[in-house]
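Given next are two forms of a protein chain, the same chain in both, each as structure tokens and marked structure 1 or structure 2.
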Structure 1
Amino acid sequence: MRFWGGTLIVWGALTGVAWADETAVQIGDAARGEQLFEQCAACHQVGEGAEHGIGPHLNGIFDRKVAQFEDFSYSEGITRARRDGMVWDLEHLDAYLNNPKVLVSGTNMEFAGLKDPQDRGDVLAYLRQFSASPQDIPEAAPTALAEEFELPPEILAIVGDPDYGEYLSTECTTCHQVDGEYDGIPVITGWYEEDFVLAMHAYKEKIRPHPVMHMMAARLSDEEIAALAAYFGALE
């Protein structure tokens, strides 16, 4: 549970039984964030025609895997964070803006940080405009207000067969990249199995919004969801 600019934001636990559906809720004042971003603009560009400068451009930053661009030379610290699987979700972006060197030791980003949560929320609201719209990719939405979703323990206790999951995965991989590269479609490789199961059942119950995923999840049994979770969870 966190507060963003006076707005209560409830997050689903990464490893617990509760999962919070994400909705398109403003995390701050984007207009004010644009003004605050001026102190970032010496190193980072964003918007139409943005290019790498001292730092990489920030288009599509939300839910992008760290160190995504092959044509930019990243610091050793950021490269290590990528190997560790870090993603620029809301929580990590907030922590990085607060104090870059605390989140990523060895980063080249020479910035003291924004200590005011409202300032960080406003800058992130501004940057959010240049990432995929939550209406287009709901699961990439950076905020969570939410209706909690719980599953019975017996469903969470199902042990999935990864070989069966691989057999079932062909429909998933028509959109999602098996190698874990972000191409505008959310990455599902390496998910905690419980997170995967919770998300798929939330789609199945139409709590998590996405018409295509509603259709896909509705076809799957509890055992098939567990198998897919075991398969994708084991991928690097």
Structure 2
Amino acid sequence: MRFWGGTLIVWGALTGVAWADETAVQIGDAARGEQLFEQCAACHQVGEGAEHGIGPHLNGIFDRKVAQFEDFSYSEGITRARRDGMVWDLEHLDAYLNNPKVLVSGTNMEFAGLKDPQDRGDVLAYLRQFSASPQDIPEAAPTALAEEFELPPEILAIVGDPDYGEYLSTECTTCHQVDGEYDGIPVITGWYEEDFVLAMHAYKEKIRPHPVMHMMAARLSDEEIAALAAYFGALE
């Protein structure tokens, strides 16, 4: 079963379910999260004396704008997310842990993602202990977790029509280059279809930042997103 971690909160808002501070639950089991964090520890340190490694240290990450350390060399992708104003609140951390590339194209974080929402909640509960600002209890946004909603599996199961995708893609290629050149606007060819679909839904629900993409994604139907994913996914 798939969970749509990244848009949990927004789905709640859209479907009229109350926001996080009314439906707050503990985000997870910090002790179990500490164990799960071992797979992150090769790159990331957290806790007293933590320093940057392959990835930046994670002290104080909750509710901080992304890519804030001047002494760490960030990828172009995460730098762009910072400029677009992305903040490491719970929903973005959750989406990032679920699949880093879906939230931030071109991130250096080589991690397939934690697909189980409980795993993510546990890791985040552990990390949260090292962030000063959200340590106030009871939990509220940005640290509280809203009720979960599944992205209807049929959305991910839609088989896109690449012919339609090719036509729709012409709107994208005014800015994104089909030959995969990067000149300040991200590359969108050769993505795994599922990542593409998830990323476009993340724009549509305004989880990913960027006003142009919010506007472009807002009017794409589920079928149209699938068609684009099928077309671009097949391009080298």
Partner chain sequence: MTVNRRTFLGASVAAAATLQAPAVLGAGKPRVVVVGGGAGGATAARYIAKGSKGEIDVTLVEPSRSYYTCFFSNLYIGGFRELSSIAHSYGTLASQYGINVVHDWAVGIDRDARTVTLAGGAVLPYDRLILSPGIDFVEGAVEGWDVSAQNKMPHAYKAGSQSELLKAQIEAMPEGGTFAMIAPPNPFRCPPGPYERISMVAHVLKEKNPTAKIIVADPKPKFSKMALFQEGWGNHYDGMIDWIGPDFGGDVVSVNPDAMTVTIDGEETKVDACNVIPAMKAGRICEMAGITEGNWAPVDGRTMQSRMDENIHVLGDACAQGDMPKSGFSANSQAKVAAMAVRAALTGSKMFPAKFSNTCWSLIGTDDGVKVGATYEATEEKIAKVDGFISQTGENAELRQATYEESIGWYAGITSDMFG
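Counting starts at 1 and follows the sequence of structure 1. Just so you know, these numbers come straight off a predicted model, no measurement behind them. Rigid core (definition): largest C-alpha set, two forms, superposition within 1.5 Å.
Which of the two structures shown, 1 or 2, corresponds to the form predicted alone? Answer to the question: structure 1 is the form predicted alone, whereas structure 2 comes from elsewhere.
C-alpha of Asp119 off by 2 Å or more between the two structures on rigid core: Result for Asp119: no, shift under 2 Å.
Checking Glu34 here: with the core superposed, does its CA move 2 Å or more between the two structures? Glu34: C-alpha displaced by less than 2 Å between the two structures.
My question is whether Leu58 is one of the residues whose C-alpha shifts by 2 Å or more between the two structures, given a fit on the rigid core. No; that C-alpha moves by less than 2 Å between the two structures.
Aligning on the rigid core, what is the distance the CA of Ser221 moves between the two structures, in angstrom? Residue shift at the C-alpha: 43.3 Å.
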